[in-house]
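So this first bit is one chain, no partners, the form predicted alone, shown in structure tokens.
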């Protein structure tokens, strides 16, 4: 027919025949009752497809020649369009089809089992008829109905569930919708339907969930609910501002807890416990961020800034961290493996990084290290050196050169003593022996030189060492630091009971007086030894008032030492051990005047560092205004301490007076460097 120029007639005949046939079919489909409606539609669609295939094969010649030349719709596509217009868009089928599909989805959401195969075929039919048919006739209404459904359901859940249960339900609903898409909807619908669930179930209730009483984010953090926190993180990350909401609440909670931790007077009594609590708190949140928040960098940064904030609220944090290290390196690390020692030191370094006043830590650390080295109390030289290497890596050579100098002095002193003993060992006989540690003035924490009258037996020995040392080294001066030394004394009490007492140099000076006297008053002891009053009181207290260590007795008996007290040897002193260590009653934390003194020394040490920074900056910039100079100096020094702008201004004035800088003649806020 096409060859004989009847193509138009054939084509229009095809259209009218198919149209009338489809009108009959639509009546069949409309007549189907209840659940049979979709099955009938599915069956007729399958038949139509088969028929379409055969018609296309029969009219293949027309399809290939006549249709392209006249720009008409190809046979197969024509068949689909006619099905769409006469069946799907038929007034009695269109709404019924949509309602039936939506009802099946609702039944499935409510837990019923539906015929997913049939659903898949019907949805595929809509997609085959063109994406616009699927979207207009099903997807848009489906999304609107879903939004209403989840809006109502989320409201119901949030009224009756706690936060963890609600999140579980939201997660389950999200997974169900994804599975529904994979089973019988178009893959492109997944993003759209999950967005609906996220908006209605999570985004709209985000703040209420996070702040929910007794079960919100803060309670999850307090109770280490890793699974619930992980679920919250994974759901909230799907919605805008979700993670920032969690982060803000977590940060504010950590800051409040931390602030309470560092300012609570009860907790400040034990520095070691104080630092341990900080470390425990850090471990807790590291674990939460690692296992629940996917090691999220933004959460780690929030944790770091929170710790930096509250650790510096307490001006004694540097001192306490140093005391914690001191405790660990004296006795806390006995029997601990090297790996565990490294872990503890790394944790301490982490807290050290948060400190703004690192130079204050250095001051205390130096004092504590000096005491450990001189008393031989350090658990492990390797651990000590390891920490110094870590401090060096963190703050540079300048920070640790004096600490390294202290170790060098200890080693050199051992060699010096070997030389002294081999030179004078024979002369000493059975008399007292001496072990001297020679300290370089600049490296060790400076101690004011205190006079103390040593027993005559010791004086001769000290003089011998002095002449030996000055004979082997030229241009040096020796000053005895009696307040830092220790001594071992052999003592015989009543009934011939013998003990070896390990005491401080001051205590030795006091005990030796009792070789020549039975009773001595406090005033007489003070006069004979010339030990400073505060030290003498502490040393008398530890020998007369501490149970089990009371080698002396005093009248009247009391816990404190008075100026009118009288002391005598305690003949009834007994101890199970032959060697008895008599400690000195010592304040672990500094007293208020000592604190002031340390703070003053720190401030003094900062002055040259601020000046050096100003000169370095001005040398390279030549001309700089006041505000920028302050900012640059602060930035340069922040690895050691937070410079006070008032102090920087004073140092600038001082440098102007000494002709390092000058003010500009016109703009007084501008400084020039003078070469």
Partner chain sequence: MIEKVALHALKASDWHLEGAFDVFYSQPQIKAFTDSRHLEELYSRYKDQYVDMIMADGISVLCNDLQVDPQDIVMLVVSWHMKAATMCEFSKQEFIGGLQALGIDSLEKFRERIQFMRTELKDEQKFREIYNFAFGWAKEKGQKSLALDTAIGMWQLLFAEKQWALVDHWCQFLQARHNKAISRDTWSQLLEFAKTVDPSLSNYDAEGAWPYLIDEFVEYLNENNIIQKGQPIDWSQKR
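Residue numbers count along the first chain shown, from 1. None of the values given here were measured: they were computed from a predicted structure.
What comes next is about the form predicted in complex with its partner chain, which does not appear here.
- Residues within 4.5 angstroms of its partner chain in the model of the complex, judged by any non-hydrogen atom, belong to 637-645 and to none of the other stretches in 29-37, 637-645, 606-614, 53-61.
- In the model of the complex, at least one heavy atom of residue 649 sits within 4.5 Å of its partner chain.
- The closest heavy atom approach of residue 69 to its partner chain in the model of the complex falls outside 4.5 Å.
- In the model of the complex, its partner chain sits within 4.5 Å of a heavy atom of residue 663.
- Although the partner is absent from this view, residue 24 stays clear of its partner chain in the model of the complex, with no non-hydrogen atom inside 4.5 angstroms.
- Every member of the trio 626, 653 and 657 reaches its partner chain in the model of the complex with some non-hydrogen atom inside 4.5 Å.
- No residues of 160-182 lie near its partner chain in the model of the complex, the criterion being any heavy atom within 4.5 Å.
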